[in-house]
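In structure tokens, one chain follows: the form predicted alone.
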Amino acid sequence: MTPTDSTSRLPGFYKQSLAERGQTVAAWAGLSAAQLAALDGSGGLTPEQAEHMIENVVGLHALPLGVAANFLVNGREVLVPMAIEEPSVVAGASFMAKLARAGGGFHAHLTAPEMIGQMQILDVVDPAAARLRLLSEKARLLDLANQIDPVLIKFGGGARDLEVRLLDDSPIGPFLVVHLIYDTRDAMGANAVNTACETLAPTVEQISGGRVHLRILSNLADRRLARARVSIPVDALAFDDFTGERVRDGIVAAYAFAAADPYRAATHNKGIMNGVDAVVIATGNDWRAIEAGAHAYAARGGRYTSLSTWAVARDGALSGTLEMPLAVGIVGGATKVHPTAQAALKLMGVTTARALAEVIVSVGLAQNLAALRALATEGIQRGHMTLHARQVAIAAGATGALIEQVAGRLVAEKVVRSDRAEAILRELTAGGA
């Protein structure tokens, strides 16, 4: 069974044992024994491998790795690995993906994988004239940049454009900034872009008459945008005593709060990033860069606002969109050397950075919908409480079957606190449970 001939709808998946879930996804994605071992932790990153990744290594730090089911992205069935410690995120994304199927799933696309390399030019006598000189030499500078990485050029990447900005309101006075627009194909691109900027710096100094100070990639990757959209029929939104119209309108009103108020928008966008970061981490990509770019993009109009939009479509369906910078890669860095990251990519069946970003932005939109639906209806705590109660029970010392017994009591009492968990545990163990 492979991702191309099976469905990501896995009824009862959450009821399976840990070992059974592993076997299910391995069969679904055609994972080898080694790839499954990388996912379940028994054959993942070793301390010896970690020693070559960062400095002063003393060990490893693990996160729970879950799999979100039900995703249909651009007509393709996908199981999505998510590395995250927060309860309800994987379940929420999975359930929203299930609802989305009623409207054809998620539709995602990306702009070209173009990154921006910045060169700060100081000590320029006439910045305006220097700017024009640099622009007049654009072709020569781009040609020089394209001689740096012949492998990237072979795969269709390389320098695309050169922009020159005059920043005249800085604390140190006016200076120039050169933007090298660089297509990095299936790589995130930091190393390629930084190398290109370093190489161009002497020529830029010669042309401008100034001094190139900083030479660095920008994580505001607003030329590398990922976009996803979803449409959910109103009938699919109904549950319990909530009509589909009530759920839909409540979600739109909740979005409006985030669109108008930065205090709400910060938490709203954090919900999006719950989904995005979890997949980015699972695949060994740079989640700090993604976070920085997303939040900067949310403030691009001069006021921090929602990254997503939600509205009522003409046919009455709930319509949602998400647009954000998303610079991810499948080659280079931790993505290439981390066994779990490689197994995660195999599980998703992605072979290009574009396909990976399409899945990630769709997960972000699904997770946003999960949070808004909960907030607009039964409240965020109901679904979150059961999962959180288990963590509190474990922290109180519960093991084995006692974990579910203590958690169940906490949820029933609607008092999910460590002191109450300890008291319940004492009662159960004193009674021989």
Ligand code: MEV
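Remember, predicted model here, so these are calculated numbers, not experimental data. Counting begins at 1, following the sequence as shown.
Although not depicted, the form predicted in complex with (R)-mevalonate (MEV) is the subject of the following passage.
- Exercise: Leu65 in contact with (R)-mevalonate (MEV) in the predicted bound form, heavy atom 4.5 Å: Contact with (R)-mevalonate (MEV), no.
- Query: Do Gly320 and (R)-mevalonate (MEV) come within 4.5 Å of each other in the predicted bound form, heavy atoms counted?
  - Reply: No, Gly320 is distant from the partner.
- Message: Glu86 versus (R)-mevalonate (MEV), in the predicted bound form: is there a non-hydrogen atom within 4.5 Å?
- Response: Output for Glu86 is yes: heavy atoms within 4.5 Å of (R)-mevalonate (MEV).
- Item | Any non-hydrogen atom of Arg215 within 4.5 angstroms of (R)-mevalonate (MEV) in the predicted bound form | Outside the cut-off, so no.
- Query: Just one of 156 to 164, 264 to 272, 90 to 98, 75 to 83 has heavy atoms within 4.5 Å of (R)-mevalonate (MEV) in the predicted bound form; which?
  - Reply: One stretch meets the cut-off, namely 264 to 272.
- in the predicted bound form, the residue from Leu387, Leu375, Leu36, Ile394 that sits within 4.5 Å of (R)-mevalonate (MEV) by heavy atoms: Selected residue: Leu375.
- Item | Contact residue in the predicted bound form, from Ala69, Ala371, Ala29, Ala407 (heavy atom within 4.5 Å of (R)-mevalonate (MEV)) | Among Ala69, Ala371, Ala29, Ala407, a heavy atom within 4.5 Å of (R)-mevalonate (MEV) in the predicted bound form occurs only for Ala371.
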